[in-house]
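The chain that follows stands alone, in the form predicted alone, written as structure tokens.
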Amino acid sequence: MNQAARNQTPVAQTTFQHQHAAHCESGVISSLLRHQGVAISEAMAFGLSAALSFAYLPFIKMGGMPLIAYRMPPRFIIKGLAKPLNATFAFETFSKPDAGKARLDELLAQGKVVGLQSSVYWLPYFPEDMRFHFNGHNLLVYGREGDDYLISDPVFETTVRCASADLQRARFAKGALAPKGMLYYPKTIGNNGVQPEAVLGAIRKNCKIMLGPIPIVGIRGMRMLAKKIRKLPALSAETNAFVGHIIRMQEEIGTGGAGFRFVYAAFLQEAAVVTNRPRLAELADELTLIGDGWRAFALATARMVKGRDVMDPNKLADLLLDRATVEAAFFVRLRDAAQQC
């Protein structure tokens, strides 16, 4: 069979149920696990991996600006589920794009659903105004028809198609967090259910991350960023660009500050049932209100960037410090609620 004929050969599709999700990585891994028979929601996958965070990383640049993150790094969610589910995951990267494509086709031919890390910018099914150079986007490929890959992208309500050349470009994009064609899939899964001890352990781990001593992570990271904001001059293009970057990182990259807190609040609601600890449901309500506070911070920054309000770095720094104070107290209460009896 010649190459042109092979390109038109459909790959047998496995029966797969697409689900829309709040965030790409937690949405992808929960869909992938459900396909393997594990009853797990996106919120439980996010919380069970202890992925909620905050980080101000001035030494990692995106468009010349420091990386500001509201969750743990890419793959942290997937890898974090290995221990509680007694699972192993295969992660593969490639130095040559052709090898990456061949491996994806091979796995699809075996009937596997495959997770990919990619760049948002080069995926043509994203509207143009939603494309930006971010290499940490996750999606699922569940089949191929001719030269089109069949994709379940959790940020979309329905499945989509992507031409082979476009997917290759997205998989092998350069820059920060370059995916290097990374693909992943579960190899073995020992537990099909979630155990109370694993849930409580994940909560304690997440509290340790948020309350920990690292200056750029968690509550201390928020305070460091607030200090940086306070030093900005009130009227300058540099300030407008930096503040605009903050709002972009919070509300457009991934799920954002408020969004991740809403996802974690949903996890705490499930955790209250799994562990039979109603206090966790009360704390879920508190975290939802904290998420609303992050939305208010986002609104204040957006109004200043757009010139609707006077640019006031001191006010923004105060708002961010308030978020830090509120979350510091919250995670102490959450840690206490998750202590072993």
Partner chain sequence: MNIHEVPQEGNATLAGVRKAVYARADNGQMVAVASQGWEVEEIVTMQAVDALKEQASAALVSAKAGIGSPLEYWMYEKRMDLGLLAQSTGLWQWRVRRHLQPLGFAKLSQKLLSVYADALGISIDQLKSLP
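Positions refer to the first chain, counted from 1. Quick caveat, the model's predicted, so the values are computed rather than measured.
The following text describes the form predicted together with the partner chain, which does not appear among the structures shown.
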Of the candidate stretches 77-85, 240-248, 108-116, 91-99, the one with residues having heavy atoms within 4.5 Å of the partner chain in the predicted bound form is 240-248
Could you check which residue among R131, K187, K208, K227 gets a heavy atom within 4.5 Å of the partner chain in the predicted bound form? R131
Among A266, I216, L232, L200, which has at least one heavy atom within 4.5 Å of the partner chain in the predicted bound form? A266
Are any of the heavy atoms in G212 no more than 4.5 Å from a heavy atom of the partner chain in the predicted bound form? no
Taking the shortest heavy atom distance, is L283 within 4.5 Å of the partner chain in the predicted bound form? no
Flag W122 as yes or no: does it have a non-hydrogen atom within 4.5 angstroms of any non-hydrogen atom of the partner chain in the predicted bound form? yes
Look up in the predicted bound form whether L299 has a non-hydrogen atom within 4.5 angstroms of the partner chain, and give yes or no. yes
Counting only heavy atoms and a 4.5 Å cut-off, does the partner chain in the predicted bound form sit next to every one of G175, R295 and V305? yes
Contacts with the partner chain in the predicted bound form - residues in 150-172 whose heavy atoms fall within 4.5 Å: V155, F156, E157, R169
